[in-house]
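There is one chain below, alone, in structure tokens, taken in the form predicted on its own.
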């Protein structure tokens, strides 16, 4: 393999694909990135793959000789990032020694690699379901729910986000057992989808690992929002394609919990208030609450139309805030993990918020008011003993 390319283009591509390289590889070659040069297309393709998440991208290059090799991702990336960017970078590989030489204006370096034949093939979906999605809306669906997924590997399914497609839109949901975030978008599917009749579309769900979805978020943020991205799903494998970039994810196995059963049918207490003011009060209270179990209490006063937010950090101090609300129901007191509240409130895109609940031990639901977004955030209260 022999080629010359831009140092900045190669550096950018390396940073992208290296995010799919395992920190603890089960096989030495999985610590490497695959470089494949094609003289016909004039492209250098780079691939990172940890067997669960795969990222592939291509850059333009002047290729004298086609070939492929794998190089240690971390070492390769650090060398390329420090080379001069004001002249072409020449890469030459020796098939016998599996060594690659990089020559730039500032100097020459040699790095030993591994055979490309040992690198696992990136799984690509050839059949199954094919969809075209709006990248901005898909990014919002992921961002609005990802935070509520579990970090406990013992609850493997809950460490992902569940995506349900029904032919009209997508429902994104995540829960860690203490809270639940659900966003329903009806206009995410591009009009160019090959679906003649949405009523004939077979509804299906997939659960994707949160770690991989964080990379999808970055991928989507760089996409042209005026152009749909291609999504292919088959046999537990999901592939996202946009121009020269491909990301493949292995879905989590198993049936996601029926989270709709957690949502109460009716509520006896409904509070409406300003989201930014509520967040500001919680962030001030959190300074003390963080010192002792993150618990804050919210007490309503139906006659005064205010809520009182308080915390008691034992042996450290106490805090108290009040906030004007519109309130329907009976006076009550309820306690929450303040971090759970802040996580959910910060993804809601609305000035006004509704809090619906029945009592201090039953689920509380936060939702936006006067918003086009169909989003709910359910939080289980903390039981407090007087």
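If you're wondering where the values come from, they're calculated on a predicted model, not measured in any experiment. Numbering follows the first chain given and starts at 1.
The form predicted in complex with another copy of the chain is left out here; the points below concern that form.
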| item | value |
| --- | --- |
| Contact test in the predicted complex: residue 202 vs another copy of the chain, heavy atoms, 4.5 Å | no |
| Partner proximity in the predicted complex: residue 109 to another copy of the chain, non-hydrogen atom cutoff 4.5 Å | yes |
| 4.5 Å heavy atom contact, residue 79 to another copy of the chain in the predicted complex | yes |
| Residue 321 within 4.5 Å of another copy of the chain in the predicted complex, heavy atoms | yes |
| One stretch from 296 to 304, 70 to 78, 153 to 161, 219 to 227 that, in the predicted complex, holds residues within 4.5 Å of another copy of the chain by heavy atom | 70 to 78 |
| Of 121, 253, 283, 118, the one that lies within 4.5 Å of another copy of the chain in the predicted complex (heavy atoms) | 283 |
| 260, 268, 97, 84 - the one with a heavy atom within 4.5 Å of another copy of the chain in the predicted complex | 84 |
| Residues in 303 to 318 close to another copy of the chain in the predicted complex, defined by a heavy atom within 4.5 Å, in order | 315, 316, 317, 318 |
